[in-house]
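Shown here is one chain on its own, the form predicted alone, set out as structure tokens.
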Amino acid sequence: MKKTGLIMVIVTGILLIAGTTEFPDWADPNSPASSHVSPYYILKAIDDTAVPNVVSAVLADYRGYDTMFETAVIFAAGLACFFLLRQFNRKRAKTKMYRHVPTGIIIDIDEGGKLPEENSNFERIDSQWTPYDLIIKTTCRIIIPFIQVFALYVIIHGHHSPGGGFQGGVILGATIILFAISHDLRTTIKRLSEKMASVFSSMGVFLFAATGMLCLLLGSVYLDYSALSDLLGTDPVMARSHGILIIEIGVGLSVMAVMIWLYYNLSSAGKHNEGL
């Protein structure tokens, strides 16, 4: 069986390599893509979609199926990592570590001991602990909202300027990870739980797919955003622009949530009780 599989792989590889000899040369200006496809996108993108950013027009409209499945692959990868890394039947630590904020003294409290969780002079810390730094913690709390506003701008304005759902989603997810690194994992999970991250990741894919389904229900083809014109109260060209914006938001949600989902599990070895 192994020999048969090896032979099949070798034969398939030879056929694929042989097929590449029929491909056009790299950057060949006379190739079909350069002589037919690319010129149409460059010349007609604004007329067809009212989107100045040709890259966004291609990815979200002309090549919408591919981008939708790319988003689905990101979600599937996050889901696979969740099942591989997440530990549900974990044993909780018998001791908990706290820092006395005024003095910086660290204390261990054994299981059954009185916890100072209601006392503002103590804060819970991890065994995998980065030394407390007031400057870093305060600076991150100040700059994170500005980074998040920029991330939202990149997502929402991505079809008119450089940016889009993938880029904005990465920036938005990075702000949550920055908060987790500068503070601690438990504080971050209280603000954005693992369940909420999973909901956002699936919601982004659903928003993309549901937009295409809505186009079908309105009598057009899948992901033909011009069908949304009557629903959005605009002309078909501008409806395609609005449709691109909708799916960019969906992509941004999925990318952001999957990044956070992965960080929660990687930084805590799937336990979520301690992290970096």
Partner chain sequence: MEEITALLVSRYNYWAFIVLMMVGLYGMIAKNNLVKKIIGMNIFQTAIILFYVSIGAKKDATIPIIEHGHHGEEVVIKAVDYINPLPHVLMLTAIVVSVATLGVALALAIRVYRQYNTLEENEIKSQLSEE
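Rigid core here is just the name for the largest C-alpha set that superposes within 1.5 Å across the two forms. Positions refer to the first chain, counted from 1. In this text, all values refer to a predicted model and were calculated from it rather than measured experimentally.
The same protein also has a form predicted in complex with its partner chain, omitted here; what follows describes it.
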Answer key: of 223, 228, 59, 249, within 4.5 Å of its partner chain in the predicted complex (heavy atoms) is 59
Answer among 202 to 210, 133 to 141, 69 to 77, 187 to 195 for heavy atoms within 4.5 Å of its partner chain in the predicted complex: the stretch 69 to 77
Would you please decide whether residue 170 lies within 4.5 angstroms of its partner chain in the predicted complex, comparing each non-hydrogen atom pair?
yes
Are any of the heavy atoms in residue 162 no more than 4.5 Å from a heavy atom of its partner chain in the predicted complex?
yes
Are any of the heavy atoms in residue 255 no more than 4.5 Å from a heavy atom of its partner chain in the predicted complex?
yes
Distance check, residue 214 to its partner chain in the predicted complex, heavy atom within 4.5 Å
no
Residues within 4.5 Å of its partner chain in the predicted complex, restricted to 41 to 65 and counted by heavy atom:
41, 42, 43, 46, 52, 53, 54, 55, 58, 59, 63
By the 2 angstroms cut-off, has the C-alpha of residue 235 moved between the shown form and the other one once the rigid core is superposed?
no
Compare the position of the CA of residue 217 between the shown form and the other one after a rigid core fit and state whether the shift reaches 2 Å.
no
Tell me whether residue 52 is among the residues that move between the shown form and the other one (Cα shift of 2 angstroms or more, core superposed).
no
